[in-house]
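Next up is one chain by itself, shown in structure tokens, the form predicted alone.
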């Protein structure tokens, strides 16, 4: 068994339960897996901090009880404090569990003064993590594809881990920030992983058993070609009756093993994965095949919209990868089954440090959509750099595609590619835990203030933190996304990374590749013309007012200028700087800010647990080294392209 002392408490250290555990607590949670969790959490906290769980009818400081309240659903809860008693009520077990963690977040404030009745319910029904974990170690991508936190939490040595204590602790952390669904394997489903659907479903069931007490439904990534790969059929045609029968029977057996199974995640016709195009069928046909198999059991298919031509000719400026999802899927609006959810990346490309919000969000009013973000920092420093993504995600979720309704309100769910692994600190970089926590809280409420969420994370992770530590963590984290953007990607340019592993600078790394990820820098200028008038027409995929805003360099926001337009190096930004001077200035500033963050962290050594402080300090050394490399390579490249020197006379290597 894993020693509990080897599992980092993250945002649930024992001290976070002091306020709850020092009170008299009355629990009427009933029976069931989540009710059992509520009971055990409170009993353990009271045993530790001197409180007690009192019998029904006794005086109590905290009461958790079921109640029929219209509109709460299974996950909502009410919170109030009156006459010296704090009360949480919920219609379902999950609601009581979330209500308990709400009280834990509030700490002593939950037991102070009077509070009018508050109603809390999740804005989004599905709040899911996709794990890109492989059962068998992939020869190129390893145990976890795009994983920067060690090996898999679920799989080792070609099978499910026998000791699931860390998975249990993981489920507890996820429940505490509001996450209710996990897909346990890679969307790129290889031969070994395909068998999880059939003869190895028992291993998935064991994981589901551990996550269930925390209100988390287990999902599985499946290959569209499963009837061929696993069933021996000659086809996976979604309209073939034998194929439909095979999926229905396979799904029936899944639910025999996991009664509350959440559903399937599918990557099809994308980057070499099989899909319905092979049979002349649409993606609605493909998704509806699986939706029909899942429908009798209340399951959902999450169908990823990441479909594009990855064999593009770099000389062809009319083909635009950014257009692909919209072009593929908007003609299918209204043709997807009610239990099919189209999973759309928040930007049109691939989780770059700066992209516009995907125009597909808001363009399919008759289709259920889930917005997908990337907590694992594939293009934002790979958890070797501190880069808190809360502001990026909040900006995307608050974006109003039609000028009135936000993306967060248009979505049916929020999904993140997980950044957790078997690393002692869960996320490799201890400060990257803030991204995982922030995702869960924004999935619960996309309109939440990310800085307030960060305050929660700090208070939970470091209970009773002195003001110097709180201020230091904000100084390091608040502007870290902006800092990373400054020393890497100017004005909406992306993919200037080392091919393959995507870490570190390579300005032309993907410039002449088939992946469709270009910046088109030449001696006269830089950027991709995506206007309707002279470019790829991508800007016209947006509804007004955004199609008009993005169409012209004069109205396009500076931070997205080179995503939408090819302009000269002397083009003057709204900031008053030229493009080339902006490139120079931001890359110097980014390094200076990374160096300052490292200095701030060094000054917190006496306030942070030594092993945690040392891990972050080591990561900061690498971040500063890499930031300098980015600065020098990018500035040197554009000096040579433009022939325009830095206006401030600094050395460009």
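Positions refer to the first chain, counted from 1. The structure presented is a predicted model; accordingly, all values stated were derived computationally and were not measured.
Another form, the form predicted together with another copy of the chain, is not on view; read the next lines as being about it.
- When contacts are judged by a 4.5 Å heavy atom cut-off, residue 511 counts as touching another copy of the chain in the predicted bound form.
- By the criterion of a heavy atom within 4.5 Å, residue 14 is excluded from the residues contacting another copy of the chain in the predicted bound form.
- Contact between residue 521 and another copy of the chain in the predicted bound form is found at the 4.5 Å heavy atom cutoff.
- Using a 4.5 Å cutoff between non-hydrogen atoms, residue 613 does not count as a contact of another copy of the chain in the predicted bound form.
- For a residue to qualify, one of its non-hydrogen atoms must sit within 4.5 Å of another copy of the chain in the predicted bound form; all three of 314, 636 and 641 qualify.
- Checking 52, 39, 628, 48 against another copy of the chain in the predicted bound form, a heavy atom within 4.5 Å turns up for just one residue: 628.
- Contact with another copy of the chain in the predicted bound form, judged as any non-hydrogen atom within 4.5 angstroms, is confined among 300-308, 503-511, 130-138, 425-433 to 503-511.
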